[in-house]
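Presented below, as structure tokens, is a lone chain in the form predicted on its own.
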């Protein structure tokens, strides 16, 4: 099967610009993970813009205020280094906000000038100890996370943060029977669906970097300094003693899971992201295999409801041409689900460099006898061109898909991060059987909203 992967629209050697990239920088991924830790604050070692941009993205996607601190680089720090800024920043955070964890997230400027983050953190601890005492200094964990913005994407930043935290905290102690989950950059609703399935299966588990409450918290006075929820640091420490660790999105968390296996012997399972029938089946089978348990009847009923929903709507999805873009693990899972729905996937794209993405998509295409285009480390310029050329009838992606869809003249199903032109999407998961039903309803209703087929009124 010849694809644009082998013969790209514009070869990398001749490309001088990226047009409409569906990706963000590494620091935002690191902050995403940090906000999933109980009483944790990301401290950005960079300019105010590096912090403001991220807060803006989180605010318009989750509709929640988020605590993100910045060392506020100006010209002097950019030239002479950010030592003073970081030491004062950590001192001020500890003094005013008493966090349990501070994730020091580096940026392009701090990495370029060669800030020695680890040495600065030691100096900051010394200053805190001198001013506030040993007890206060020992009550906070300061974790360096190196995320130069000019390399990788937000997905890589999340992955880097997870292994940074796991390396910092994980300690070998008494074995426990827990299943640890690294969710990746998914929505609170996705994590809730995963928890729902694990609760049905009756296994003991802990979600690391759990944003399901911290980025979807109730409005209840008095406003707490930190939102309830998030993974306690003790769970990060104890994950080295778990029965297994499952990274739902291997590109975002797989490195941390693999580290736990190589360093502490914790069985690691990398993916797949549980969307659709087969991927959710694998998730359930993996959990059942780890604990040697039968699959509960309630789970089988949910699976049956998904199959029923697929059968009920096949006349709207069968052979309909689709295109998908976004984070690699989410795109791989959604592509498989679209194929399960009988849809004809014409273009698949991720802006995140990946050694496995193309092979995974090719495997799905071969399985369903589909000839589609695969774009890796690409942009929406190529995606739009190929989608228009293929006569795509529906596009799945984040809010950046809207302008592409106007050009292609087709509807948009919003998935992934960020979704800023609609409200509430973060509440509803696309994971598991129930989440897949919601995604299926979303796809079909979006298609029907855009152009209702009058000859199918009776259906």
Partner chain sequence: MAIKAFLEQRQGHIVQSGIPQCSRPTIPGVMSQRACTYYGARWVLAPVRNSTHIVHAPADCAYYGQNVRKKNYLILSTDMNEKDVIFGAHEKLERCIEEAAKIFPEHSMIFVYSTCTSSQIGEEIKWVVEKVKEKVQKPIIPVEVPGFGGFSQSDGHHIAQKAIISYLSEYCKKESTQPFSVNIIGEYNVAGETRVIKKLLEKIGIEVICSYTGDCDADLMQKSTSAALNLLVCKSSGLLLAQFMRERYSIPFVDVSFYGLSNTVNSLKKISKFFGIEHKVEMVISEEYEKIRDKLEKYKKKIFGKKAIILLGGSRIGFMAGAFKEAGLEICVCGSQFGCNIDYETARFELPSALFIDDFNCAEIEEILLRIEPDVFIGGTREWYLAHKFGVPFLVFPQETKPYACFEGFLNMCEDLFKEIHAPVWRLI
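All values reported here derive from a predicted model rather than from experimental measurement. Residue numbers count along the first chain shown, from 1.
Although not depicted, the form predicted in complex with the partner chain is the subject of the following passage.
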Report whether the minimum heavy atom distance between residue 416 and the partner chain in the model of the complex is within 4.5 Å. no
Taking any heavy atom pair closer than or equal to 4.5 Å as contact, tell me whether residue 400 reaches the partner chain in the model of the complex. yes
Proximity of residue 49 to the partner chain in the model of the complex, heavy atoms at 4.5 Å: yes
Heavy atom of residue 424 within 4.5 Å of the partner chain in the model of the complex: no
As a check of understanding, the residue in 200, 108, 309, 370 with any heavy atom within 4.5 Å of the partner chain in the model of the complex should be identified as 108
Sole residue of 430, 28, 396, 37 within 4.5 Å of the partner chain in the model of the complex, by heavy atom: 28
All three of 60, 89 and 149 touching the partner chain in the model of the complex at 4.5 Å, heavy atom to heavy atom? yes
Quick one: which of 430-438, 386-394, 41-49, 407-415 gets within 4.5 Å of the partner chain in the model of the complex, going by heavy atoms? 41-49
Just give me the residues of 220-235, first to last, that have a heavy atom within 4.5 Å of the partner chain in the model of the complex. 221, 223, 225
